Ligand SMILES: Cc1ncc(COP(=O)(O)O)c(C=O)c1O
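Encoded as structure tokens, the following chain is the form predicted on its own, with no partner shown.
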């Protein structure tokens, strides 16, 4: 793939984008999107010849890296054979994708409903839970992100919800555990777990157990900060759901398919949900695909009763072909194991070493190829480097840090006062160390804003 600079072509691409493309989550007149010329493995580059190490995996979805040849070939072969067919037909590649997903999900989550992405997966999981239980309410955590469609955005716990939050019936937020910024004044993981579970059970009691269809949790919250739950928390939530007849939905859209060093993050905690949502890493975003893995009990609800939901592109052949090739490549090449190894041997130790030297680093946390670096003004008080949901001048320290990363050839994933180290699960040790060196350089900029 050519990486030769072509500034004129880049300018034309940028001009066409600015003339016609409406970008998500953006004030359209205030953005300056990078014109990307190509990508391969852990890198992408622009038309001016600048190459970036992708420490964002785009939106934490290119788990097998950019342009994996086996997946590209599978999409091409499927396109030559059968580009599309309606969801109502039985198709070999759709069935095989479903089998491969079901083979890796925990417990009896053996039926797969395909969607176009993660938000639709959450929408349908919530619908299934409500229909299965006959109850209206769903509980979800603050510090969460579940998508931008109507129900998913209301279930989201971060500020992107605010502009579209109708306060509509059925969505209740609660505090999940996060020891570094504990809402429970806990001083240990054990206290945080115990108090978070007590708070959740109190919320259930005061909302009315018989009104609650589901509890929805990201197994390891992603965009909101990669807060790995303390030991015992998820099993405790599972026990509460069993006690009150509530459906447990685990959102693995970001954490699934190798990101945490296991096929699913739930595998770290020995918990089987009733419904599990996925997308992103299932095929590294090469073609839009998501889905819901469904337990036998919930699937039985719709054995003779029609499920009132569907999508024109559910189980699209090109998307399913890319999922089959992705899962096969991950298994054959040990990509899940690589993510675990890189996290344990390189990213974890390397980020902790940076924390020792940079006063702007308040905490480092994560698993596999899924890490967050909490940036602070003051380590003692844990004051964030920028205020919650900061914009404009208030966000200047993070903007300066981000610019320094890019100047060093690193494309970061930045949200609020955090940077996330989330490279492809295929990242090599040398590439990870390259990323850590660039972070080291950029953190000197963040350090200037500390007290």
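Residue numbers count along the first chain shown, from 1. Bear in mind the structure is a predicted one, so any value in this text is a computation, not a measurement.
As for the form predicted in complex with the named molecule, it is not shown, yet the points below apply to it.
In the predicted bound form, the named molecule sits within 4.5 Å of a heavy atom of residue 119. In the predicted bound form, at least one heavy atom of residue 147 sits within 4.5 Å of a heavy atom of the named molecule. The closest non-hydrogen atom of residue 251 lies within 4.5 Å of the named molecule in the predicted bound form. In the predicted bound form, the named molecule lies within 4.5 Å of some heavy atom of residue 280. Comment: 111-119 is the region of 262-270, 111-119, 306-314, 74-82 lying near the named molecule in the predicted bound form, near meaning a non-hydrogen atom within 4.5 Å.
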